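Take a look at this single chain, the form predicted on its own, given in structure tokens.
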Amino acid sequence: MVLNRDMDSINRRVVLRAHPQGLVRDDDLAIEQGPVPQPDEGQLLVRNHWLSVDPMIRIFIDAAPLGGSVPPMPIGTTVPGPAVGQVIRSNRPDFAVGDWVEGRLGWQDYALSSGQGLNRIDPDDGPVELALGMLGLPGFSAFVGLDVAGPLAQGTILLVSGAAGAVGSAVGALARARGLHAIGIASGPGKCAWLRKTGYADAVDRTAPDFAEQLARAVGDRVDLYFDNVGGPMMDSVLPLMKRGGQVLICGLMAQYDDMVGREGGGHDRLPAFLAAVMARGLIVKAFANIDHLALRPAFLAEMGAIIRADPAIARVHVTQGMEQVPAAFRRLFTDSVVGKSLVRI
């Protein structure tokens, strides 16, 4: 195995310049340059090759993350996005120079790590960048979510919002492999057509004028499990279609990560209607954190790896080139969503 990048003398990094108010603006993030850090005893230095742009990063850079339950990230901090890179210096016996790794290494060229939270990648298993997509956090989120929902019988009616995104694509792949009847919600006829080819029994275009009617025809009033990746106004359309005793699984709240300032549904309190629907239909609402289910990782890698080997095209990624494009790629997540996992190659 040969390292395919020489070490530079400059480390570029995407830093927080201002805590966003609503939608992320051009001047909320900046690219700065500095010296390449050097590993101390017990550390290793990773040269990043792929950066992941994820909606949840919006929480980390907020002025009051999670409603103020955690302190805000200091201005000037490197944005802590996931990355895939190669170890180029190591002062640890458990990581060798040349190892490919994935972890929250930050949006930067070079990252120091103690090794904690790093996952080693075997390039023989497929393209290393998939460790940021279906074989990484998005795929694991789909796997954990379906596990948290409990044993699901074949034919279970599964409705998924944000179905063409990184997590939603993985949910569809797992659903097909397990014999579930998955219906995806996505934006635009192109995405819906792609979903029907990659695991979904049907797909509904949320931008269509008759979206509500299309959704009702696709699912009736018999949704067993709603796998929610977006939150926001979409819930209003879905709750009346839930089966009595059905489950609502909260995986993501993308439509609310920027507090919906100036966006559809901004400032509207949906909690009373949501609670009324939960009570009227006897719904079970669950949420989860991947960190509580790390023991599932080997089973996840085995099942998802087999799915991708059988159909490599299902692990779709959208690639943007260049560190300078990271802020723009991140902003586009909230204004012009893409199919599959959004990555930046640096």
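From 1 onward, residues are counted along the sequence shown. Being a predicted model, the structure only gives us computed values, none of them experimental.
Absent from the display: the form predicted in complex with a small molecule. The rest refers to it.
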query	finding
Contact residue in the model of the complex, chosen from Leu159, Ala83, Cys251, Leu174 - any heavy atom within 4.5 Å of the small molecule	Cys251
Among the candidates Val70, Leu294, Ile31, Met56, the residue which, in the model of the complex, approaches the small molecule to within 4.5 Å (heavy atoms)	Met56
Exercise: Met279 in contact with the small molecule in the model of the complex, heavy atom 4.5 Å	no
Contact of Asn11 with the small molecule in the model of the complex (heavy atom, 4.5 Å)	no
Contact flag, Val24 vs the small molecule in the model of the complex, heavy atom cut 4.5 Å	no
Contact flag, Gly165 vs the small molecule in the model of the complex, heavy atom cut 4.5 Å	yes
Interface segment, criterion being heavy atoms within 4.5 Å of the small molecule in the model of the complex, picked from 241-249, 227-235, 115-123, 90-98	227-235
